[in-house]
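Have a look below at one chain only, the form predicted alone, in structure tokens format.
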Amino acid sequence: MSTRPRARTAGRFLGLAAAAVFMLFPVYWLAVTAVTPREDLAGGRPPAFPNEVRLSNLSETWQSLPFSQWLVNSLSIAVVACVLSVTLNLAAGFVLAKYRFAGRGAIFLVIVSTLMIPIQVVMIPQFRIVAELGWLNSYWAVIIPRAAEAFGIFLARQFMLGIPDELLEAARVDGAGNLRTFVSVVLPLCKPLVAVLVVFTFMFRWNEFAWPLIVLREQALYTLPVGLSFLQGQNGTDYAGLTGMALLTSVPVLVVFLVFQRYLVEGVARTGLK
């Protein structure tokens, strides 16, 4: 290998290493703050390298509030919402991509247009609907209003436009109905799309703060993001506990990403998402 290609390779390696350090630094800062003794954080700035690693910060904070119950609540809501949302988005995307009917373009345009509406604008109407249905202070109040997302329907439609129509026609000629065509022919081709929808939906539902705070009244039903707000008081903030719990709550999202990362890049590329 000549000198120039080696220098180019070394430059790329150094650039990637610098980018990795830059992106991982917030995680390092969270970890350092979480294990630094609370008295060392009194000045408001954690040291770059703590003199003492105090893991008891995490256990003390975990036991001070019902984080175990909030973890179960968050997992239950995120998993059920993820299954429901991905199913509805795939079905809606399939209909909009592969069926010809009057108003199809207008319906898709209306769905995409809702992406421009700030979520805060629809919170009051959603709250009144949820209250009229008697769902306040229940998991359904958190799950159902976000069951079908315009973002997910858009991704599903764009991906399924790439599936050849001839494949679906061949399935129908063999006697497959609409449901069997969708389940047996379309879904096996949509693994990258399902990976993208699962990762994004789980992340959105897991990190959601404002809506669960509005519709959940009892502390026993709170999710982890809502529960973390209890560590911020009027007279001071427990930075060690707050950063430690924030670090732990990011673990489930990381696990979901690692499980589906095999198909994630392909799914993002094939839907045209940038």
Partner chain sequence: MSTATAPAAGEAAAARTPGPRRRRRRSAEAAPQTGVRTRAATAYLLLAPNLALFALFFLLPLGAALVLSLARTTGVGPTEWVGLGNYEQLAGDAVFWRSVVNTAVLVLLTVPASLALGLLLAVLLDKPVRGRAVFRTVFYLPYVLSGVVVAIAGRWIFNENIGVVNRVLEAVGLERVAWQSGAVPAFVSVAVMITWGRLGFCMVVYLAGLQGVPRELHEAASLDGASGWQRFRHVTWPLLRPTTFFLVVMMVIECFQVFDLVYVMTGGGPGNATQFLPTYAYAVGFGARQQGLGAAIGMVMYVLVLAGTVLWWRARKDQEAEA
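Residue numbers count along the first chain shown, from 1. It should be emphasised that the depicted structure is a prediction, and the values quoted were computed from it without experimental measurement.
Not pictured, yet referred to below: the form predicted together with its partner chain.
For E169, a non-hydrogen atom is located within 4.5 Å of its partner chain in the predicted complex, even though that partner is not displayed. In the predicted complex, no heavy atom of R180 sits within 4.5 Å of its partner chain. Although the partner is absent from this view, R104 contacts its partner chain in the predicted complex, with a non-hydrogen atom inside 4.5 angstroms. Under a 4.5 angstroms non-hydrogen atom cutoff, its partner chain in the predicted complex has F127 among its neighbouring residues.
In the predicted complex, R157, Q158, L161, G162, D165, E166, E169, R172, N178 are the residues of 155-185 with at least one heavy atom within 4.5 Å of its partner chain, listed from first to last.
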